[in-house]
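Just one chain is shown here, as C-alpha cells, and it is the form predicted on its own.
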C-alpha cells in the first residue's frame, strides 16, 4: 500500500483544473498500457468541479472515452434524475458531453430503480457489477481501478464511510447500504475501504479551513475507524490534493508548500 503524497494548490479552482489535467494524463497512460481505463467518480463541490474543468479543456479529447469504464464511490439513494444524485451531477458536468458508451457507465441503482426502496439490494447488485468487471489479475472481487477520486468531509469521511459507522468496520463486502448518515440524505450506497484500496491510485481532494483538522489527522496517521480518510489508500499512489486552507494544520508534512 502506498504512502500519502500531498500537493497544495493556490485555490480550489486551480486545484480542480490541475486535477482535471492530471486525470487526462492518467487515463491516457492507462489506455496506452492496458487498452482501457477505469475511473471512480465522486460527488461534492470539488469532485464535480473537476469534471466541469475536464469538459472545458481541449485535452479531454486525448482520452478515448469509448474505452473508459466509470464507477461511483458512493451514491445518494434517491430517485433517478434527482438533482442531488452524484450520477445526475456527473452527467451534467461531463458525461453528457463525451462519447462514453452507456454500457461503460456503471451507476448505482436509484431508489425508484429495479430494487425499489431497498438500498441493501442495490448495494448487492453493485457488488455484482464490480465482481463481473474484475479480472484474474485483480486478485479479488473488485477491479483494480486506475484512479479513485474521493472528497474528504469535515469529520474525515470518504465516499459514504463515516467515522465509527458500520461501513468503516466492513472488511468482507465491497459495497454496502448506509443508513442514518449524519449528512442528508440519510440513505446511501457506498464502496467500502477494501474496495477503495483495490485502486491503483486514490486521490483525496478537499478545500477549506473546515477540513484542515481532518487533513492533518489523516496525514499524521490517524486510525481509519476514527477518520476513514486515513484508510483510503491506493496500491501504487495515494495523493492528497489540497488548497492552503485545508493544508494549514499540517505544514510540516509535505513539500513543496504550494503548486
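Since the model is a prediction, treat every value here as computed from it, not as a measurement. Numbering follows the first chain given and starts at 1.
There is another form of this protein, the form predicted together with a small molecule, and it is not shown here; the text below is about that form.
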Listed range touching the small molecule, judged in the predicted bound form by heavy atoms within 4.5 Å, from 135 to 143, 92 to 100, 120 to 128, 69 to 77
69 to 77
May I ask you to state whether residue 44 is within 4.5 Å of the small molecule in the predicted bound form, using heavy atom distances?
yes
Closest heavy atom of residue 173 to the small molecule in the predicted bound form, within 4.5 Å or not?
no
Could you tell me if residue 86 has a non-hydrogen atom within 4.5 Å of the small molecule in the predicted bound form?
yes
Should residue 163 be counted as a contact of the small molecule in the predicted bound form, where contact means heavy atoms within 4.5 Å?
no
Joint contact, 197, 218 and 237 to the small molecule in the predicted bound form, by non-hydrogen atom at 4.5 Å:
no
Which one, 169, 183, 104, 179, lies within 4.5 Å of the small molecule in the predicted bound form by heavy atoms?
183
